[in-house]
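In the form predicted on its own, a lone chain appears below as structure tokens.
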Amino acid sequence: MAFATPQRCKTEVLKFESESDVAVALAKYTADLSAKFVKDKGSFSVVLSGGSLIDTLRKLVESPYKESVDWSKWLIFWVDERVVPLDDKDSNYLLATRGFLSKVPIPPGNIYAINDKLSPEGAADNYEERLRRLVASKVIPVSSATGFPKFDLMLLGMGPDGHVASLFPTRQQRYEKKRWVTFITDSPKPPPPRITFTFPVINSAAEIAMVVTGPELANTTKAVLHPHRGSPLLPAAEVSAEEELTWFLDKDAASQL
């Protein structure tokens, strides 16, 4: 079990009046990082999660960003995915396609969905092998600090239990240190079979946005950002970016801070 104190990295906590204000700020933040990374390295690797995050990205597919962002340079990955058919209602791929990817011209070959024909273990192994090939071909760089792949931006949410990706407080996957992608067959949140990035990969990202909105997450947000020393550490408190971790909170989620 992990205990406080959490990892430390450069962290900014942004608080907004409403979820709509979060959506506006998140769009600008993401578009600005896209311009920076495309200029610096010729591409922009973005790791998506599921849940309400995709809806909060809605301003990014509107003007001016729909026209100004160089979508052709984007590479899309998932921090976790439910092991269901890609057209299943529980698929994070389907959620992202309907709410985001279908509305912007990212080349289909730049979108890295899981192989939905495999078992959870097979899907995790396959996704990790594909990432390793992208690293070998220098499409994705390696963190000089950790040796794990270094994505440009991870867009993460958080559950009421403090889970991120499919790394849950009561499951051993949160402690995996060697694999890039692991699997779970007994997720406490349905559906049970999933694959997920591990913390070494998540924490090797250059930039991470933690996007948290709604009153149901207020207590968890407080427990993550202001943990009691010696108390069990929630998974979300273990998130750490190589360059900067930015929290986007609406008034409700920040109400206990």
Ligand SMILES: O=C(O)[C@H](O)[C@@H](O)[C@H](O)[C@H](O)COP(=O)(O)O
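Heads up: residue numbers just count along the shown sequence, starting at 1. In this text the structure is predicted, and so the values were computed from the model without any measurement.
Another form exists, predicted in complex with the ligand; not displayed. Remarks below refer to it.
Exercise: S49 in contact with the ligand in the model of the complex, heavy atom 4.5 Å: It does: once the ligand is placed as it appears in the model of the complex, S49 has a heavy atom within 4.5 Å of it.
Distance check, G159 to the ligand in the model of the complex, heavy atom within 4.5 Å: G159 belongs to the contact set for the ligand.
In the model of the complex, K189 touching the ligand (heavy atom, 4.5 Å): Output for K189 is yes: heavy atoms within 4.5 Å of the ligand.
Close approach of A165 to the ligand in the model of the complex, 4.5 Å, heavy atom: A165: contacts the ligand in the model of the complex.
Residue (of A209, L60, L53, V224) lying close to the ligand in the model of the complex, criterion heavy atoms within 4.5 Å: Of A209, L60, L53, V224, the residue with a heavy atom within 4.5 Å of the ligand in the model of the complex is L53.
Stretch in contact in the model of the complex with the ligand, which is absent here, among 177-185, 75-83, 121-129, 138-146 (heavy atoms within 4.5 Å): Residues of 75-83 come within 4.5 Å of the partner.
Partner contacts in the model of the complex for 92-109 (non-hydrogen atom within 4.5 angstroms of the ligand): Contacting residue: only N92.
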